[in-house]
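As a starting point, one isolated chain is supplied in structure tokens, in the form predicted on its own.
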Amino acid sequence: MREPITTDLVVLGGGPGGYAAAFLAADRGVKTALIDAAPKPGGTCLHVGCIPSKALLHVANVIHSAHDAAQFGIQYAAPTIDLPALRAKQLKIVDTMASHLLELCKRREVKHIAGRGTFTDANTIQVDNGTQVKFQHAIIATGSSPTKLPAFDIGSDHVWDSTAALKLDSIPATLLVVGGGYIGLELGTVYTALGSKVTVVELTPALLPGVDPDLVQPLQARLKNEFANIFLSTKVAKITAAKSGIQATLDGDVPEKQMTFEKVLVAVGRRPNSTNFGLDKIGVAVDDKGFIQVNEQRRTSVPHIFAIGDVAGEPMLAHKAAHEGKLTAQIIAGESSLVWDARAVPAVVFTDPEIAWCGLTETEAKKHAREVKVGKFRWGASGRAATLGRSDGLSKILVDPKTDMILGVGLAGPGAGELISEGVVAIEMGATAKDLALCIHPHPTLTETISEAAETLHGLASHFLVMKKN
């Protein structure tokens, strides 16, 4: 038996939340160990999620941009896809970033332990490599995994989850995407750009359920021309192995009840990784959805154990996890009065066009019968959008009708993921729409569309006529 490692803090999980917590805690003088199942930190986001998918989405964007250049009189030949080279580039990006994180562990003197850890009591974790870690505080940052549905578990390598799809083993001639959420649409965008005929089946009446319909509309209009089929209010009732791939039985208003696809991507959400590592042994409470229950400091029902990121609840986003990780590290380092008080956690769908939002959405406002004023600016009136050949976007701002305080911002269009940060700052700083309208934005840019959305609420708009009521 090895001599146990004794540390002030152990972080279980090396994703964006876990390594952010471990690094900041070490910077604050806390002796820290980081346990992660992978040989190098980064978690799902870096290894099989955010980063590899965005590398592929960049490739898709290049292909789409070349195609769209035709409207400006520039013609490109159809691309030739070198799949091994594309995979190699994707892997190099991931490995370079992961190696950098491992080096930062060393420089910060964070003890990195590769293996799967299990709580044996409230102050001990046993790692499957034989290492035992004794700790005073722990942060659980175990993330999430693709949701698996029994109906699709037929033991076929023609059925993918998001991890399998990102391996880019092949470009299927036909691909069925089960689920019209952000994962399904992002990966569908990649594969249609690479040459697959993509069919999306979504159980609800709309793509991206829960996202404001006016933000989804520009994306849906573009995907209608790019995807082979988009079937809404439709269920994949059954799949069976066939000689040429997978036969799917569809239940809905579709032209064919049975269709055959070379591959099927199941993208119906993610579930928290909260089982099989001893939480039941130490009394950490988990809700009926599998999320670890935490308070405003991200403490669990065992006060010296914290939980952050996907395993601790919605929204399941990497940047939310990183922010929580830094919060908990500061609390453990002695800043005991800190609490989670973020007013605007941005979300981005990296399709083409991108969709981004933060703060209150119109969908949420209607659900809770909350009165809001909405300022909208359609990109058809944007000079910069016109020069890009992309006038299909939308910027909008939700404000409190009594105070003019900005409550939410929504964007649809190229670069929306970069633009949304202005909305985050505005909400966090307590800005009003008038404040934003009076900030000078550079011309011609897409950021102008945010200020012009604010201007429509105060009669200041130049490029958009607000009709006056009699």
Ligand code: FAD
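Note that this is a predicted model, so its numbers are computed, not measured. Sequential numbering from 1, following the sequence displayed.
The same protein also has a form predicted together with ligand FAD, omitted here; what follows describes it.
Although ligand FAD is omitted here, in the predicted bound form all of L12, P16 and I35 have a heavy atom within 4.5 Å of it. Only one of the listed residues (A318, A385, C105, A98) places a non-hydrogen atom within 4.5 angstroms of ligand FAD in the predicted bound form, and that residue is A318.
For the options R343, R222, K134, R116, the residue carrying a heavy atom within 4.5 angstroms of ligand FAD in the predicted bound form is R116. Not displayed here, ligand FAD is kept clear of K31 by more than 4.5 Å at the level of heavy atoms in the predicted bound form. For the chain shown alone, C50 is a contact residue for ligand FAD in the predicted bound form, at least one non-hydrogen atom being within 4.5 angstroms.
Ligand FAD in the predicted bound form is approached by R270, whose closest heavy atom lies within 4.5 angstroms of it.
Mapping the unseen interface onto this chain, A55 falls outside it, with no heavy atom inside 4.5 Å of ligand FAD in the predicted bound form. Partner proximity in the predicted bound form, defined as non-hydrogen atoms within 4.5 angstroms of ligand FAD, places exactly one of 134-142, 74-82, 251-259, 88-96 at the interface: 134-142.
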